[in-house]
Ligand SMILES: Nc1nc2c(ncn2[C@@H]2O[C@H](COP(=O)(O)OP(=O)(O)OP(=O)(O)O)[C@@H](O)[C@H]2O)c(=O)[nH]1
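Taking the form predicted alone, here's one chain by itself in structure tokens.
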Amino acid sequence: MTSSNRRVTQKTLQSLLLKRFGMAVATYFMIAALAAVALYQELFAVSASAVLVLLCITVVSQLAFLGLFVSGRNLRLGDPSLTEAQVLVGLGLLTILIAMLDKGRGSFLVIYPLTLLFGMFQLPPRVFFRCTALAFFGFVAINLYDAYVFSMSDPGIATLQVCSLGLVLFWLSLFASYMQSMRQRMRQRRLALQAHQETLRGMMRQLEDLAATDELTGLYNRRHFLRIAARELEGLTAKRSHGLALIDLDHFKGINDKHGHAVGDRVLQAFAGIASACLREGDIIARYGGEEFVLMVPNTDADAFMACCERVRLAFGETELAGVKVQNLSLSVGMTLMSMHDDLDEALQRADQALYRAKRTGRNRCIATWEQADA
């Protein structure tokens, strides 16, 4: 992954984490509103100043989390979301708040599952169970302390609250474990699907290559060449020209008849290798059919295009096949230049006429349409 992609990914992650943190802060505001109602109804066993101190501690803790997110230091940690830390802080503050209440503790018990919901889809099952256990035993400790100091007003209600909270948290732990298991299976299926998609994409690329490539020579086939040439011709401007040539291997039928088709195939392959080596990057050579090939040289002029085709012709004439002696290998070339608004079919016809003149006048030569125009 490049540094720019990594920065984009981190920015997206931070944006998501800040949104989750905003939801947590909104939850704290709702709990503070409930605490204000309880304070107004005189349900606290402590003074209003003690509740205010707890509120200040809550604000400081959330500002600390906000500072970590804004500074990006959370990204250096194993869990950039700080989910476990936020859940533990929330459970601890809630337990202290419930301990301060004299009456109405049961109304605040529903906030335990609400707090734990923030970690249900993020925390591993073992960590989530640990958080639920801390919440449960924290509430149990409150009731045990009340019983120890003989301040428990109704032991029956306290026992029912402890049992109810334990049952809800146990069920929540099982549900979180089930959800994590489902997410794991979905992740594995998604990875398997991605692997299948990559395989299919690879197969599609292979099919595209097969559809665009001549199997024997490895060059482009006629259909793919025509598609590329048409696209190149559309982008041609007034001050530029492309060279187009039809190339025919001389006496190729005689080579097949004398040496066999296997040798003929090797001649075709040899030409493909030589032509590719003689051309520039961006030049396009393709097998047009049988022993005929087509060449397009973008952004060229008459002299440069003639030199290019002559270079291919001379290199092919010096070719020697290993293990078999094929004498007098040669080729004939018909060349033309394409300009802006030119028609590809008409250009191919001009090149074909020039190729016909090259073969009629003795083969093993390059004939250009502009030579006839100059004559």
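All residue numbers refer to positions in the sequence shown, first residue = 1. Every value quoted in this text rests on a predicted model; they were computed, and no experiment measured them.
From this point on, the text means the form predicted in complex with this ligand, which you will not see here.
Interface residue among 232, 84, 250, 146 relative to this ligand in the predicted complex, by the heavy atom within 4.5 Å criterion: 250. Residue 256 is the only one of 276, 159, 256, 107 with a heavy atom lying within 4.5 Å of this ligand in the predicted complex. Residues with any non-hydrogen atom within 4.5 angstroms of this ligand in the predicted complex fall in just one of 204-212, 265-273, 137-145, 295-303: 265-273.
Contact check for residue 261: a heavy atom falls within 4.5 Å of this ligand in the predicted complex. Taking non-hydrogen atoms only, residue 359 approaches this ligand to within 4.5 angstroms in the predicted complex. Remark: residue 114 does not count among the residues lining this ligand in the predicted complex, judged by a heavy atom distance of 4.5 Å or less. Heavy atoms of residue 127 never reach within 4.5 Å of this ligand in the predicted complex, leaving it off the interface. For the candidate spot formed by 216, 287 and 290, every residue has a non-hydrogen atom within 4.5 angstroms of this ligand in the predicted complex.
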